[in-house]
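Next up is one chain by itself, shown in structure tokens, the form predicted on its own.
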Amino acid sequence: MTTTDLPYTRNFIANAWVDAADGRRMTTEDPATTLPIAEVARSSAADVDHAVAAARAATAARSWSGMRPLARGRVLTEMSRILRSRKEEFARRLTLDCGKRLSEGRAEIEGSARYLEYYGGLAAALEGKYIPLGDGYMDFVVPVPHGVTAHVIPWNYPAGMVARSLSPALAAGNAAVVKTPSLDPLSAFIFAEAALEAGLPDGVLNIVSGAGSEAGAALVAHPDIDHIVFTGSTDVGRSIMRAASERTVPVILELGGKSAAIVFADADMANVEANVVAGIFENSGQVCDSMTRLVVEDSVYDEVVERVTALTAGLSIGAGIDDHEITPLISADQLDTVEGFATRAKAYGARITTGGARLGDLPGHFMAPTIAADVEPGMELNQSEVFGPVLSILRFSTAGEAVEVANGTQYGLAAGVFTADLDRALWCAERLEAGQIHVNEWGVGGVETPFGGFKASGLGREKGLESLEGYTQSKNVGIRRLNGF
């Protein structure tokens, strides 16, 4: 197949499908086969200028922000309905583009619809307040949208992360420019298709594809952007903060993680096993808040190592479109990175009980599910984000030691506690330095619960009411009455 035979997706700007200004394209591949599957426009700074100008024009015209909030909410709710009505089609597109299992793709489309539905329902709930200042004065506070928001999307959840930030941004009355992930850009455009059908006004949603070094860099540095949302690595997040600081632009950053789950001796071990499968092997470990570390009490350490090692043997491995449990990593570079971590961990003294290398008998970017026991707190594997199906297991003797180990990295995105003792779980939760604490189930929460990190894991919160507040700024209006009444 030549590239000219591939399906081609243009940028979406001002409710129109447009080529890149210089006509360039880029190709996306199926990570399970490494074969090309589609082309998209390769945007430059000129295309970003076009998209931002469209969003600015929509903001100036108040075609969206001036609409009754209830009407805005109905458009988002209709977009949610459209996503659900095409769930299977969109899930297959997502799966082929990013490699994850089809059931996870369906869940991601359903989750995307849920974000639009949830924030559609909250659009009319944004309210100001009155502040009494005494006779002769009135004072009130109004929530005001930032204006034009920039959304730089990661490749691990190429639809879900669009919905997570776009939904509250639109509900609050902003216009948006979305930069798709360069490795799997196709899924983001489902929101353009839904927006057209649902009647979103021109310029309120604009989507451009391209390389991070070109389109992404141009977007976050653009002088007409009022607010930036980024999900990705800590290093890139810091560079975006520096760019935003030059123009004093507010940012929401969801960055790296090295999340730990503490396993006490009284934990339900079957439940621990089930949560390891969900916590580290979902999307082959390519999740910011994956349960990448188990910190296990001495008396059950060997049992836990044996259990989680054995469970990997039952995991099916193959293409996501066939709904296997372990699917390919997103790219050859990511596979090299993850395998490198496992190789060095063994050299540094960790005990690889299973996995530890790529699966060379499969055509795509497959990494064997890997368990690394006897990891020490100072090891690279305990300190650095791997972003692959690699679980580190450490030991502890006291609850205080367990919390110290769990907190002993630069990250603080999530943490967990597995125990039958609720008092002990709460004691740990009070001391764990993370934005989300999960007790006896990894990933407790939903669209309604705030999500974000401590320390190097980010700034601000996504999801829930707290996120909606982050897409507005507060305007205070004070009035002195002069007519004597």
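The first residue of the sequence shown is number 1, and the count goes up from there. Only a predicted model underlies this, so the values are computations on that prediction, with no experimental measurement involved.
Missing here is the form predicted in complex with ligand NAD; even so, the following discussion is about that form.
For this session: Decide whether residue 100 counts as a contact residue for ligand NAD in the predicted bound form under a heavy atom distance cut-off of 4.5 Å.
Result: Result no; residue 100 lies far from ligand NAD in the predicted bound form.
Exercise. Is there a heavy atom of residue 279 no more than 4.5 Å from a heavy atom of ligand NAD in the predicted bound form?
Worked result: Judged by the heavy-atom cut-off of 4.5 Å, residue 279 is well away from ligand NAD in the predicted bound form.
Exercise. Might residue 108 be said to contact ligand NAD in the predicted bound form, defining contact as any heavy atom within 4.5 Å?
Worked result: No, no contact at 4.5 Å.
For this session: Answer with yes or no whether residue 182 is in contact with ligand NAD in the predicted bound form, where contact means some heavy atom within 4.5 Å.
Result: The answer is yes: residue 182 has a heavy atom within 4.5 Å of ligand NAD.
Problem set entry | Contacting member of 326, 83, 91, 240, with respect to ligand NAD in the predicted bound form [4.5 Å, heavy atom] | The option sitting close enough to the partner is 240.
Exercise. Ok, 250, 318, 212, 201: which has a heavy atom sitting within 4.5 Å of ligand NAD in the predicted bound form?
Worked result: So the residue touching ligand NAD in the predicted bound form, by this definition, is 212.
For this session: Would you mind picking out the stretch of 225 to 233, 168 to 176, 127 to 135, 399 to 407 that comes within 4.5 angstroms of ligand NAD in the predicted bound form, counting non-hydrogen atoms?
Result: Among the listed stretches, the partner-contacting one is 225 to 233.
For this session: Between 248 to 262 and ligand NAD in the predicted bound form, list the residues on our side with a heavy atom within 4.5 Å.
Result: Heavy-atom contacts within 4.5 Å come from 254, 255, 256, 257.
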